[in-house]
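We begin with a single chain expressed as structure tokens, specifically the form predicted alone.
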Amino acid sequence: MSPREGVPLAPFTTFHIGGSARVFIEATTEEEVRAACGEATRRALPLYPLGAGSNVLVRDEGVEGVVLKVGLRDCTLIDDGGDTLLVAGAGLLWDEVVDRAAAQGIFGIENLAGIPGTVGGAAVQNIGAYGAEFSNVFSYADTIESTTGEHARIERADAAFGYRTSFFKTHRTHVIERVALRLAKTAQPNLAYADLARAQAESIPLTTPQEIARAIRAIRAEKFPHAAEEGSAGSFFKNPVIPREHAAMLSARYPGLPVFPHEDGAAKVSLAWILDHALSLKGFSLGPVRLYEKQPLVIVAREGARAQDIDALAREVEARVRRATGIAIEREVETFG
């Protein structure tokens, strides 16, 4: 572990945007993670763990703290009776985990294929797509409490998962080192999502985890920009969860609006549909940033764009949605640090 000062963070994010970290540390072992926590304490600076930078926006001013790039990338499959326990380091890329499970014919995370980021980031964000959520397979996470240096195991019952949130998101001092997922050796594939149902109707093979993951990646490739060509952080906004009465009113105003039942008497509505069909905002641009033409939940940045450009576009979209629907939409992408 070798702390470096003034390291530009843009190359470590999928937006390719942002200023520098006051201190930057890469840790590839548990001992180095602990040492990084101690370094932040010694310098009296906040600690900010960073995964693959796929769901963050780094401010133009940079980060006044210690940015910890967690690089634990081990992965073990453990036979646990009728299930398989997959234990992976927090720095391992999520899609590599999907591939390792799929290669063994193990079910549970194949519908989450193609999502950028790391295992640790998946736990923090409670990633979800195509009818599946990370929380469905989570068993536990081993963490280090950065201010005390103590290790803790956060079990499923204490992980407080919700829509794109978790215990780890609300307790930032817990740095994730490893995550355990409980996966199934046999399962009934989850093909209810509309895109997968269409693929099945087209006779695309969807029997094994590998086949499903391959199909999911092909679907995502049609909806999301190629990260190497333009900066993006995937879906920038969350789908709104609102009272069912509000959703019913919007359905009457905008026929065809997709509405999905949610817990506690609420409903989730499709923000992508609203941006496209109600507000005609696909491709809407401000300066060097725009809403992606194929998926308006995604903000795309051209070379030279700054964080303030992203924020300005996001604020304009938020204002237009609120005026048209009364919904205060939330950002899925976080301002880092």
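Just count from 1 along the sequence shown to find any residue number. It should be emphasised that the depicted structure is a prediction, and the values quoted were computed from it without experimental measurement.
There is also a form predicted together with a small molecule; it is not shown, and the following applies to it.
Should residue 45 be counted as a contact of the small molecule in the model of the complex, where contact means heavy atoms within 4.5 Å?
-> Contact check for residue 45: no, nothing within 4.5 Å of the small molecule in the model of the complex.
How about residue 235: is it within 4.5 Å of the small molecule in the model of the complex, going by heavy atoms? It does: once the small molecule is placed as it appears in the model of the complex, residue 235 has a heavy atom within 4.5 Å of it.
(request) State yes or no: in the model of the complex, is some non-hydrogen atom of residue 60 no more than 4.5 angstroms from a non-hydrogen atom of the small molecule? (result) Residue 60: no, not in contact with the small molecule in the model of the complex.
For this session: Answer yes if any heavy atom of residue 168 is within 4.5 Å of a heavy atom of the small molecule in the model of the complex; otherwise answer no.
Result: Taking the distances in the model of the complex, the answer for residue 168 is no, it never comes within 4.5 Å of the small molecule.
Q) Going by heavy atoms within 4.5 Å, which of 300-308, 45-53, 25-33, 272-280 lines up against the small molecule in the model of the complex? A) Heavy-atom contact with the partner occurs in 272-280.
Subject >> Residue (of 182, 73, 164, 100) lying close to the small molecule in the model of the complex, criterion heavy atoms within 4.5 Å >> reply: Contact with the small molecule in the model of the complex is made by 164 alone.
Original post:
Only one of 223, 262, 246, 214 has a non-hydrogen atom within 4.5 angstroms of the small molecule in the model of the complex; which is it?
Top reply: Selected residue: 223.
Next item on the list: Please state whether every one of the three residues 128, 193 and 296 places a non-hydrogen atom within 4.5 angstroms of the small molecule in the model of the complex.
Entry: So, yes: the whole triplet contacts the small molecule.
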